[in-house]
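Here are two versions of the same chain, shown separately as structure tokens and labelled structure 1 and structure 2.
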Structure 1
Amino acid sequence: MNFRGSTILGAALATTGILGATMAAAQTEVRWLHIEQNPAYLSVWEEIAESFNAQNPDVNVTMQFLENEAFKARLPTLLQSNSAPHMFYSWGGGVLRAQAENGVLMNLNEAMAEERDGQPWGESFNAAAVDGLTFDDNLWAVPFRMGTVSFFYNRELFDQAGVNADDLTDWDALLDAVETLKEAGITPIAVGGGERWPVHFYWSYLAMRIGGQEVVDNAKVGEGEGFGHEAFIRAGEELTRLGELDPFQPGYLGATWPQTLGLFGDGGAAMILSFENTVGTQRNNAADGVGLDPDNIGRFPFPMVEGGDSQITDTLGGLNGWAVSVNAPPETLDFLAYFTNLENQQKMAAAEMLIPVTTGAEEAVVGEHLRGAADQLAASTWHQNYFDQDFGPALGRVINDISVELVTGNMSPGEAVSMLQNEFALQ
């Protein structure tokens, strides 16, 4: 394989391409900016990109990497520069909408109407995935994957402490399990507080479980009581309750997400609230590169909260796509069509990378936990995109910040709601 690896964007933007013996000067470069760190997943992407380049000698797809937080911080500047990526990872939601409104994205309606493989390109995707990346009847990203956040647990540590995962269907039972695990000398939960967004999963799910869809949807548009609804106050109270139990690993406020996955994979914590591909990511971040045996990992949905207006089948998770910058060459769309075709989505599903969005590719999903996530999404009664993405970049940062402040006890639930209301008023 001639691929020389994804580059890291440091002080200056650098690229490493998938090159043959010589790169012709006439080649069109397609700059692909991603945040993926898993070597196994990158290997699949590299194979796909190399295959496309071989079939299209006048095109050279180059992969560029930025760590998650650096990506969020630097992308707005990059999109205004002469070295803007042609395609880049998107979580959808308010961040994608803001980028579209700023005029830095290509409207994909016309591209989706073009026939590829015997049908309009847009019809090859799960309709819900297309709808989730569409604003005001315009599509702004090519669908790529769907996912859901749930609890993963170490079966051996649960057995050691005498905790039964089947009992953790309500919030109070989960808090009881935290205390039981601590009494057994086991760290209950691993969390990446240094990146802040992993903590927002807790506040978001609590707000969903307590308030339900109508309350959350109203907050997005400032209708009803907005963030002043009692559900958001109570979500803060319950997150504070969790924090008072000291449930996380020592030093969690400085922990990155890869470190957190590694801790879980090393058996250093009993639970992690994480993505659908956790079995693979914990393995690759574990100290020995092996991690927990998949048979030793269990999975359960975020529990219900007594008195809440929600269902256990309501899910929080991602709808991810690849946004295309406004001045990207047309070859970018050719590569994206190839990247998301049935064969390649099946290849990624079989590698346990994702829950695919290309119709028919879901049949290739393997692994108990990834299949469980796929089934959970299929039965979802309400799928909510990540709050820090769906509510837009500015409000999303506040949501991440107040989540950490609540769990550490440095902010009251009332103060958190006031911050959210004030930020919303500025939009």
Structure 2
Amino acid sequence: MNFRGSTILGAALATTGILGATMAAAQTEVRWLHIEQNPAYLSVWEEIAESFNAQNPDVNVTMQFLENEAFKARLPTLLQSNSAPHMFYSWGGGVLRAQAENGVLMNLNEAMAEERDGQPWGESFNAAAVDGLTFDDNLWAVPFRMGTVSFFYNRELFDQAGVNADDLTDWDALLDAVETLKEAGITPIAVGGGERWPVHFYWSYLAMRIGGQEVVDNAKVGEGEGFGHEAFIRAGEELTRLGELDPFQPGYLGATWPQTLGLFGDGGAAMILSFENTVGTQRNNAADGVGLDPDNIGRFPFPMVEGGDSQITDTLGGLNGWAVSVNAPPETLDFLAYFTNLENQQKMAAAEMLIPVTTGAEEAVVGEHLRGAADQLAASTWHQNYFDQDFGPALGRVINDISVELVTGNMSPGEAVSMLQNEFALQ
């Protein structure tokens, strides 16, 4: 390019830049920070954002992405800076509470009382979802997704080994099935040990099944025996028992979660303890991009443990919402109301993305297993948020650590409990 050419180009760029800036200034920008990586789900959100922008020419919703771990690491700094996102992803639990206590979040009580579509906004949601994001009677995030963790299994592999999923209602039966599958030369369970949290589902569910709600709730607040309760020791013992059977794929300690889903999708393991949308995610992560036929996938709740003090209808799972930062423009709430309206929640449900929280949207849930999970949630006798979120970031990660240590037999159940007690004492 000659000199004159580059000058003209430069001037043109500068002019567009100035024009762009003036146009943006006339609009209110709503910065939306998310962690979604699945392109199919993202396109649904992009569509929603675009249609909102089209309907509201004076608002510009922009999507910003941070990878899960980077998101957690950067959020505290971001939220206290001038470029804080206006709405961002939240798992509820201890982190949301810490953010709320430090005044970086907008209290949503007032917004929820406002009339939208003929009723107070807050009443359009499933009450349990709102409760889960409420601390001390104040709501700190707009719910949009609920989920539950359960076992998914490969029907063909179960048939091949002669295992009947209907029999797997107690822990010992599951351990027997693991042995039967191994004898048939099948990897019984896929687990993403490299990321640690997939293993903590086992410890959490065991603690829930053995101890029940009161014991877990006491541990959260340090009442009664706290983590010293015998149920937590037993949970550790049972997890070690599982680990001793060597039930996981080779190299599971280095496996990431997408790899694990891929392994299940490729038919490389018979079971996976996973999220409600596993049918979709195993497909996306399978080597051929097709994965298992949905008809080949079965699902059963985490089994009961003998002598345990709980019900099989108690569920462990997530509750996600969008927290709003304290200085966010009011348009953020308008967008959130649009995002969680019946039509858009149905759209997300129809994309097999989530179990919606907006009343009436659950009917749009498609797919046998997502539907089943939604029904299971609706009938849940106690819904417990993921331990690594609910117990706060520090204690939560210690739970992840000890779960991996226990399953590898590297730590005794007693040591694990005292590690938790020590960490709790530091909070």
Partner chain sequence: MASVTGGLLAKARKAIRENARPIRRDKVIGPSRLPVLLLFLPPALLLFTVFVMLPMGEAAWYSLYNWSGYGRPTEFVGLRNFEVLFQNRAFHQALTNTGLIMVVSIVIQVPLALWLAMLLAERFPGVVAFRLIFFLPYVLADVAAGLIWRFVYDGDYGLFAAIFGFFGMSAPYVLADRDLAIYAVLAVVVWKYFGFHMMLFIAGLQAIDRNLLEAADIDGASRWQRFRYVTLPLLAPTLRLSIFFAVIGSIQLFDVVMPLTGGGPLNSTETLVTFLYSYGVMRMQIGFGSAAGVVLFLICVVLAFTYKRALMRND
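Please read these numbers as outputs of a predicted model, since none were measured by experiment. Start at 1 and count along the sequence of structure 1; that gives the residue numbers used here. Here, rigid core means the biggest group of C-alpha atoms that superpose within 1.5 Å across both forms.
- Structure 2, not structure 1, is the form predicted in complex with its partner chain.
- Relative to the superposed core, residue 61 undergoes a C-alpha shift of no less than 2 Å between structures 1 and 2.
- Once both forms are fitted on their rigid core, the CA atom of residue 81 lies 2 Å or more apart between structures 1 and 2.
- In a rigid-core overlay of the protein, residue 186 has its C-alpha displaced by under 2 Å between structures 1 and 2.
- When the core is overlaid, the C-alpha of residue 327 ends up 2.6 Å from its other position between structures 1 and 2.
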